[in-house]
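Form predicted on its own, single chain, as structure tokens, below.
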Amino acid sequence: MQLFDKIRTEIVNATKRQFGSSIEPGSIPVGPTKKEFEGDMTVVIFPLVKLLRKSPVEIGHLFGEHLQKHVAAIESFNVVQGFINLTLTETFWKQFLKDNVHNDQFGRAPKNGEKVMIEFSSPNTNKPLHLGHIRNILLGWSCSKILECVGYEVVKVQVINDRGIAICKSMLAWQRYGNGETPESSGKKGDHLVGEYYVKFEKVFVEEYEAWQKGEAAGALFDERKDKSQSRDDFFKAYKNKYFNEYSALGEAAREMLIKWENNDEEVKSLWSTMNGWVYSGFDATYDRLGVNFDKLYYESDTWKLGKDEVLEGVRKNVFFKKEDGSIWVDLSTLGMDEKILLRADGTSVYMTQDIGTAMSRYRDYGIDHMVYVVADEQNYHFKVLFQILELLEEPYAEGLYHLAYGMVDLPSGKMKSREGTVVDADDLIDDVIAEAKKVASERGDLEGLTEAEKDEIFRRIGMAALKYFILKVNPQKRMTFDPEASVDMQGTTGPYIQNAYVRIRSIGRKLEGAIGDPADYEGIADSEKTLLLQLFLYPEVVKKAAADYDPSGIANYLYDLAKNYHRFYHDLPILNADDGAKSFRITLNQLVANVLTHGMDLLGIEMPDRM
């Protein structure tokens, strides 16, 4: 922002001229003045005290006088301890409003010549998208829009996990219990249908496991347990995976199916292709409802072997090492981590192998400078290791890797579990928030004269705003609980509350008659107007920080504060009934608020309705 840069530059100049010292402009904090102090902008001068060897107050007055003399926008200043509080002129604020009300680039930065890839969603094809996926998808999509806004060329991708034992579980259950059921014959969405068979497999497996626990083999294993204090329930809960791999008939059948898939068995591959096709159609429909899309899809069935040659090359370069059994590892112990397997003794790959190959393939495909992985924080260590391996391999993009880790999403009723069928499907959740939006909007009775189709579109926009905003307003690193009913509260920190501010402005615009005058003719900017102007002025900085932090919540919470201050302004001051000078200024201010609300909500993937 030009004013911030001008203030920093003048402080650098004054420091050199008066003290003969050099400082970096970026070391000078400049931001909005806190509400309890007089002023618009505040310069923090504590970092300069040690360098200049003068008291904060003395430095403050020296720099305050210099800024007032050399920066035309500054009307006055006051010094409070280590802070210079600057008051800007009315002329500056009126010119800011006039310059930006029709500036469609306000909040955007020019192209920076760098390319960033964002991987998000990346679901498994054994179940539909659920609430946890929604947080992932919304974070990835919003970050892609924010990064594009600050000048990056953005490539949006996902890796679809379309192979493995979990997919075989769904296939086996359908094969045994499906009786030829299809999405067409059942009227069910394809991903929902396949997900039902994943749950069916788990149900049958649990029944098998419970029956086995009553037998002699299970009893003998329990009697031979090392920890004699361990209860029977705790022992068999911990033993479940081992049973699946060593004793279970269902587990053996699923493993055999996976082996057949890896050996390109025609029948298994045909079933796999058919069922995955059902799931892809279902995913596409959900993505369409969420308003997201991808530039390229990567499939695990293609990428699972990609890294093998690169790992073998790493052995030849002595980056990796081979153990006596033939397995290949990387030793990261000197970096505070441990040894990590990259290829099994039989030559088969692991997830890390796949991710190495996929990263290299993406660089070859797009020549990216940065790569962002949107993946739950359960995988923090995996990505720490992956990034270190790519750095050891001297990949040109290694320094531009980032793991956007996010916390899990719970419901008021507790944690979700896919295998037990206790997840909330994304489609069901979307239906719920739209239904809740319809209920709330219908009770307000503000949609008279609209067709049913027009009303449904408004309900959809309100519902999707409720869902998206409620999730994106939370810092990604925090675990959160999603409450559908609270998300549509018109008086809460919600998307519909922000939409309501925009709808108010649109309503005023519909009542406006004739052209408005020049906002520069207005004298005596009121406090609630100044509050809005200052917030609007800060918007580009808010977007930059959100991009730097990969955190849409900064924009989400900014928009709520802007809407809240707009509602206060709307109640405090007349707009259409004001005198000509005030009316022109406030109508113009209205429009810039509407522009920023629309632009900011779009960065969150949220559409605005004209009525509510």
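Being a predicted model, the structure only gives us computed values, none of them experimental. Quick note: we count residues from 1 along the sequence shown, nothing fancier. So that the term is clear: the rigid core is the largest set of C-alpha atoms that superpose within 1.5 Å between two forms.
There is another form of the same protein, the form predicted in complex with the RNA; it is not shown, and what comes next is about it.
Partner proximity in the predicted complex, defined as non-hydrogen atoms within 4.5 angstroms of the RNA, places exactly one of 168-176, 348-356, 288-296, 149-157 at the interface: 348-356.
This chain is drawn without the RNA; in the predicted complex, the residue among 393, 312, 508, 525 with a heavy atom within 4.5 Å of it is 508. The partner is absent here, but in the predicted complex a heavy atom of 446, alone among 252, 234, 267, 446, sits within 4.5 Å of the RNA. Proximity of residue 465 to the RNA in the predicted complex falls outside the 4.5 Å heavy atom cutoff. The RNA is not drawn, but in the predicted complex it has a heavy atom within 4.5 Å of residue 474. Contact annotation for residue 516: none of its heavy atoms lies within 4.5 Å of the RNA in the predicted complex. Though the partner is left out of this view, residue 607 does not reach within 4.5 Å of the RNA in the predicted complex, counting heavy atoms only.
Shown here without its partner, the chain carries 479, 567 and 611, all of which come within 4.5 Å of the RNA in the predicted complex through at least one heavy atom. For the partner-free chain shown, 377, 378, 379, 381 of 371-404 come within 4.5 angstroms of the RNA in the predicted complex, judged by any non-hydrogen atom.
Put the two forms on the same core and the Cα of residue 571 is off by less than 2 Å between the shown form and the other one. Core-superposed comparison between the shown form and the other one: the CA of residue 582 stays below a 2 Å shift. Relative to the superposed core, residue 136 shifts its CA atom by less than 2 Å between the shown form and the other one.
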